[in-house]
Structures are given as structure tokens and as C-alpha cells.
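Single chain ahead, written as C-alpha cells, the form predicted on its own.
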Amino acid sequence: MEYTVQQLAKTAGISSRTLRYYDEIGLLKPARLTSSGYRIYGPKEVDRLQQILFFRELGVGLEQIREIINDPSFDSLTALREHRVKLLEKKQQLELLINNVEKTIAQYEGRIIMTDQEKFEGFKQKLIDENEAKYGKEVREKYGDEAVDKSYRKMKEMTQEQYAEFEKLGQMVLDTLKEAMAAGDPASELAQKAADLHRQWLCFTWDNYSKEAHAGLAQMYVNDERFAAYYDRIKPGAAKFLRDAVLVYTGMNRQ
């Protein structure tokens, strides 16, 4: 079956403008153009659009989607199986949040009493799931499944106060790092404060701290563009500056 832009947009539940934009950026080209210049989409394009929308639902950017599905090695069936796994994880997260809301309602109605830990289970699980989806493969390869799983368990067991302090420290690392970069010296007092704050932040989830692991993680921030982007959003070069500050802090810069 073939579709015009308006027909396919209606079928897929998106706007005609979106389809035209996908064509403009080389993400979804029509099967052909009519003599009048109208875009016509066939079964192949319908399947491709479905893949695109799956990726979008999972939060993947358009540029990355284009790279993935234009790759000669891209396999639709493999991608669909991966979509299923990730959507099931998302479903589990939503069910956890729904359960959390229901328990909170029950507490307000006086039917149960929730612990502070229970109140934040859903939010902590969301953070864990997001970290696993983004960085799980690389971190597990570097530190092993046991270390990563212990870190997740430690996060789940945080009290309300500990979780608030964890988030506060994370922001303090970014704020101090940005301020230290103005001086431009990773060995400065302020840069070393940022490295120490980073250590404190890590210890909320690490089972055991070591200087070697700290330095290795800081290097990963530079090597992996996703980690680098997280820190570089405060200022270009922040990931490298933090890495250098941590190397000084741990003494690994002398090796």
C-alpha cells in the first residue's frame, strides 16, 4: 500500500511537517515523487518510520537515529528486539512509579505507613535505569558486573537525607569545577576541592573507593563522548579539566 504525506502522517499519528522534515534531513526519503512533486511512501518507508518512532520514544536524537538506520550493518529485527527490551524496562519503571503513587495515596488515607526509602524508590530506580541504558555496557566492561550491581544496590538503599545529599554533591561538583576552570590550573586549591567533592559523590554509590578507580573513571569521562558531554555542558573542556584535577588529586599524574 502507498501513502501520501498526509495519509502516512495521519496513520502514524504525527504531523505532515514532521515527515517533510525527515525527508529534508535524509532520515526518511519517500519511495518516489509524482509528476506533480508529491511524496509517495511505500511499505519499506512505513517500516522505516516505525523504527524511527521507536527510537524517538526511547529518547534517541534524530542525528543518532539517522546514523544508526543508515548504517549498512543495521538489522531491523535485531533493532526491534532491542526496542522490546528497552520498552519493557521503561514499562517496569512506570509500574514502579505508579505503585509508588498508589502507596503514597494509601499513606495519605491512613491505610499504610511508608518509609522514607520507599518514597523515593521509583525516582532512584529511574536514575539507575537511565545510567544503565547510557553507560552500562562501558562501565560493566571496565569494573565488572558485581561492582556495578553493588553500586546500584547502594543507591537503592539510600535514605531520603542521603539521596538529597548525593544530588547536592553532584551539583556542587559542577559548580566548583566551573569556577575552578576560570583559573585554568587543575592543581589549584579550587580544582582540588572539585576533585574531592567528586570523590565524596562517588562514595555514595561505590562499595569501595580507590585512587586508581577514581582516576580511571575520570579518564573514561574524556574517552567517552557521552560522559564528556555531561561535563562539557557547563563549559567546553570541563571533562578534561576534571580528569586532570583528579589525576593530581589521586597522584596518578606522576605515573
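Fair warning: this is a prediction, and the values are worked out from it, not measured in the lab. In case it trips you up, residue 1 is the first one in the sequence shown, and so on. For the two forms, the rigid core is made up of the largest set of C-alpha atoms that agree within 1.5 Å on superposition.
What comes next is about the form predicted in complex with the DNA, which is not displayed.
Interface membership of residue 18, the DNA in the predicted complex, 4.5 Å heavy atom rule: The answer is yes: residue 18 has a heavy atom within 4.5 Å of the DNA.
4.5 angstroms heavy atom contact with the DNA in the predicted complex for residue 235: Judged by the heavy-atom cut-off of 4.5 Å, residue 235 is in contact with the DNA in the predicted complex.
Contact of residue 22 with the DNA in the predicted complex (heavy atom, 4.5 Å): Yes, contact at 4.5 Å.
Any non-hydrogen atom of residue 209 within 4.5 angstroms of the DNA in the predicted complex: Looking in the predicted complex, residue contacts with the DNA do not include residue 209, since no heavy atom lies within 4.5 Å.
Per-stretch contact check against the DNA in the predicted complex, the hit in 195-203, 182-190, 66-74, 38-46 (non-hydrogen atom, 4.5 angstroms): Contact criterion met by 38-46 only.
Heavy atom within 4.5 Å of the DNA in the predicted complex - the one residue of 217, 62, 58, 31 that qualifies: Exactly one listed residue reaches within 4.5 Å, namely 62.
Residue 10 C-alpha moves between this form and the one not shown by 2 Å or more, core aligned: No; residue 10 is a residue whose C-alpha shifts by less than 2 Å between this form and the one not shown when the cores are overlaid.
Core fit, then residue 240 C-alpha moves 2 Å or more between this form and the one not shown: Yes; residue 240 is a residue whose C-alpha shifts (by 2 Å or more) between this form and the one not shown when the cores are overlaid.
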